[in-house]
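As a starting point, one isolated chain is supplied in structure tokens, in the form predicted on its own.
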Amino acid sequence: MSNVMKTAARGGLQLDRFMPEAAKLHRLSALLTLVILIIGFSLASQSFFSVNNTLTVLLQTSVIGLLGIGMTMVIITGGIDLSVGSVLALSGVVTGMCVKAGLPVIPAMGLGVVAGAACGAVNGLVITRMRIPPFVATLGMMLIARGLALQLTGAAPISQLGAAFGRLGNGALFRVVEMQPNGFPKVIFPGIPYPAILLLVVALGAAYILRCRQIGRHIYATGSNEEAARLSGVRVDMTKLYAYVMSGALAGVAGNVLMSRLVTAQPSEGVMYELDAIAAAVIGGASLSGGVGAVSGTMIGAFIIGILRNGLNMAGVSAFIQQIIIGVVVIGAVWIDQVRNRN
């Protein structure tokens, strides 16, 4: 009987062989949508392709992308993480408080990431040990993390954190600045923003983990067929815990990037960011049913959201209309995912 069960489990895990083709088609359609958006906004505004606007898009997308990568890992396991926006704020507050207390910036940011990972670990343990649905567990963490951030700061921002704190969010690689005769600096080349470089490194690392490491295969197996994965020897609970810890840690990294850009730790930041992260993953082809998703697709989804917001801002569209448009895009992406699953 044991051999029969193992054979059935292996057979269940082979079902996801048919899913990558549909996922690739979804990513291809998302990429086509991204190209259409770029062409459309560039025709609507001559300044869309300017260097400054390109850097703005990169900076805006970096936070969404970092959150989206962690969210993708969770969604592939068949879960959801509604707490990343609040965890982002809490991690940024922890970093800001440590810097204010005299700790060097890098160790302080490390503690901020640890705080985010701890929130993710709590999410994972509540889901795997207490058997509470991910929606409810992470919704509770969303309230807890936001409340902690506001309580620790008295709902007031932590300012005067120094120039070193703002280097991650506002610095750039290969920036060229020339001093003019009048004594004022002139930027010859703005350089590549550090947040964009960080996003690239994290995306490559996450893609390597998902595609080339055992834990990545276990993440896909858990989302494809949890019972079959368990019968095949996958430690399903540990795999889920890993995914939620990664989501929390990347929310901590995103919190450091965002607060560094502001050079202020804002406990009220990150509201609704979890929806952007979910949207980026789903638009990029991740299935809310689990078992399907890729970092490359999430990056495409993040840039779709970033460019859509940027282009609508340049067109003078109000923030309220932008929310409506983003909501319609998310519903459309989920509908496509449901059609794909039925087929």
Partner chain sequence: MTQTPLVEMIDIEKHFGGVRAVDHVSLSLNPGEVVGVLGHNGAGKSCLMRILAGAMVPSAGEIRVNGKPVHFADPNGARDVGIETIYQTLALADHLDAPKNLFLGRELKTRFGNLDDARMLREAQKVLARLNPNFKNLRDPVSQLSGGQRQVIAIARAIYFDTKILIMDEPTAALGPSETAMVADLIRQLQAEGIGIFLVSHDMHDVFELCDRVVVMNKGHLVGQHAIGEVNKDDVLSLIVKGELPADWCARNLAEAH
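Residue numbers count along the first chain shown, from 1. Keep in mind that this is a model prediction, so the values were computed, not measured.
One more form of this protein, predicted in complex with its partner chain, exists but is not displayed; see below.
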Tell me, out of A206, I127, M109, V234, which residue has a non-hydrogen atom within 4.5 angstroms of its partner chain in the predicted bound form.
V234
Selected contact from Y242, F165, Y273, Y220, since only one has a non-hydrogen atom within 4.5 angstroms of its partner chain in the predicted bound form
Y220
Would you classify R211 as touching its partner chain in the predicted bound form, given a 4.5 Å non-hydrogen atom cut-off?
yes
Would R230 sit within 4.5 Å of its partner chain in the predicted bound form, counting heavy atoms only?
yes
According to a 4.5 angstroms non-hydrogen atom cut-off, is N225 in contact with its partner chain in the predicted bound form?
yes
Considering non-hydrogen atoms and a 4.5 Å limit, does its partner chain approach I300 in the predicted bound form?
no
Listed range touching its partner chain, judged in the predicted bound form by heavy atoms within 4.5 Å, from 311-319, 41-49, 287-295, 64-72
287-295
